[in-house]
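Here you get one chain, nothing else, as structure tokens; it is the form predicted on its own.
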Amino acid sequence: MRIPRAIHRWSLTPRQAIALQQRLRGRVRVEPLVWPVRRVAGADMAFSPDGRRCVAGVVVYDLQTHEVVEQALAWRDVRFPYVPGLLSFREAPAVLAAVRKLKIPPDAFILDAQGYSHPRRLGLASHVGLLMESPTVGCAKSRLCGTHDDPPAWPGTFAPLRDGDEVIGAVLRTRPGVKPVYVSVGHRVTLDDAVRLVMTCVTRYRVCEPTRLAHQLVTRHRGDMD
């Protein structure tokens, strides 16, 4: 898959990375997703035990046939320290390398990560979506920032995730009797689209199928980094 030319370098200090997030946040676009969506790519990461290498996996899932139509992996050395709020600088280069290997451009991406629900409104899902110029959704299993009430118990319901008076995401119940997930805009989607897309991709599990399959993929290949 062709990705636009990089708009910044990756060799940055944490202070420079924070400043870059502040500059890039204004480039993220919230706009309606074009439906119907058929092919959705899920992306996830795994790290070597010593934290020096990582592998990114991307799985393209067909919502009509319920089949995997393509998958790709990319290994990279980790060149940025672990700093909460700056994970995209540690993980995005590998994710983008895996996406470049795809032959079938997906209609949208879902990342097991934050998007707009980030202290500087530029989590991994927004950062990667901006660099790919593709519709992207963040669907994380835990909260990075903001407050919320518990969503109702039935699937498809959600509570707003707020940072002060601003709604930064949705706390979405995907299955009855399980913890919710944290959905936010990545790039080129609305929050309603993001919630709808995640629920469209949910099968029997708490997380949506494309990211679940991507997690399985990188877990299987984590040992290849030894």
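The first residue of the sequence shown is number 1, and the count goes up from there. All of these numbers come straight from a predicted model, not from anything done at the bench.
This protein has a second form, the form predicted together with the DNA, left out of what is shown; the following refers to that one.
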| item | value |
| --- | --- |
| Partner-facing stretch of 95 to 103, 82 to 90, 128 to 136, 148 to 156, counted where any non-hydrogen atom is within 4.5 angstroms of the DNA in the predicted complex | 82 to 90 |
| Contact test in the predicted complex: I110 vs the DNA, heavy atoms, 4.5 Å | no |
| Interface membership of V28, the DNA in the predicted complex, 4.5 Å heavy atom rule | no |
| Contact of H215 with the DNA in the predicted complex (heavy atom, 4.5 Å) | yes |
| A46 within 4.5 Å of the DNA in the predicted complex, heavy atoms | yes |
| Within 4.5 Å of the DNA in the predicted complex: residues from 125 to 162 (heavy atom criterion) | A140, K141, S142, R143, L144 |
